[in-house]
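The chain below stands alone, shown as structure tokens; this is the form predicted alone.
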Amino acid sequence: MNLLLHNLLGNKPKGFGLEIEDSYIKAFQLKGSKSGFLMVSGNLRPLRKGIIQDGQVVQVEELAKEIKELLKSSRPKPIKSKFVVFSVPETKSFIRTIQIPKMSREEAGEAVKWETEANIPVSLDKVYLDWQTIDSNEKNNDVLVVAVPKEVVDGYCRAVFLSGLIPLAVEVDIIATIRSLTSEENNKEPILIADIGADKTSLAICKNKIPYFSSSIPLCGKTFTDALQKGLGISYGKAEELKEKYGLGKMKKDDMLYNIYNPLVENLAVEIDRSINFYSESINVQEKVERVVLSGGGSLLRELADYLSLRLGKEVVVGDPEIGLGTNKDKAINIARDLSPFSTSIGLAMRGLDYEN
């Protein structure tokens, strides 16, 4: 059956989530339940260097093959669904919140286009544009606008179609991450999410599950491994092993790991501070960000959350995707020692069960 026939019969297809990064692809499948969501299956798979470069697909056929292998190897069972919600990178996207006067939807669409074109460095005819009203009063509407270059999205789409899948939706990765790590209860006040992936760190400040600011920095999980490899003169594999075992170490001046890692952690703290200050000074002067949530594989670096908490003077925690999933604690799979590396793919899977909203 094709998608149209599903809709004609009133059976809305359900899709799984597929996160696509330069170095990894991750899949996650959920099913709905009365208490929230239940986890069905998932996995991650490293990508050979050169398949994706700087957020753009270079080798479409190779990416399609890797996606097929990822779905076959998912646990506890292969993912066989043909419907998918996949991600595009925040680094290649433009996310803005703008304010426009109250007007008809048609007029609002034109106003959004005009405002967007004035604020992005790409011609409007070269991007896919989407927007939604996130707040309103008697005079104005606050609107969330997302624009992604067509050449970026089209590359991912070609690989997804070639792998035999049918896209239900395309979403910027950080928006999916916010969905899985926040709830209506815990996001009434603004929080900063730092998604520390293998290739980049995305920073986003969100409130009521809406991103009001986002940016990316090159510091990432690999940065810490590279620093350890060079600092100790060991192989990359051994450095990765030591990083996972010892984390940041004691983070004291007489500790060997401190001398290696401190400049990197300080850089991350400075960027977080800068983002928080920009939000408080330029976006909402009446609110302060007092909570930081870490996600991605890099968030599992031992002692990182505690060190950043002391450095920033704020609450810093490792995000739990089960917040977005609901109260379910019956984990059907154990793909890693923590679900945090799968925050984005879980958020995409949540969208896959309700992709029209």
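Keep in mind it's a predicted model, so treat the numbers as computed, not measured. Sequential numbering from 1, following the sequence displayed.
We do not show the form predicted together with a small molecule, though everything after this point is about it.
Checking 123-131, 182-190, 77-85, 242-250 against the small molecule in the predicted complex, the stretch whose residues place heavy atoms within 4.5 Å of it is 242-250. Screening Leu70, Val292, Met39, Leu301 for any heavy atom within 4.5 Å of the small molecule in the predicted complex leaves a single hit, Leu301. Interface residue remark: Pro211 is not counted as part of the site for the small molecule in the predicted complex, having no heavy atom within 4.5 Å. Using a 4.5 angstroms threshold between heavy atoms, Gly221 counts as touching the small molecule in the predicted complex. Taking the partner from the other structure, the small molecule in the predicted complex has no heavy atom within 4.5 Å of any heavy atom of Gly347. Shown alone here, Ile196 lies within 4.5 Å of the small molecule in the predicted complex, counting heavy atoms only.
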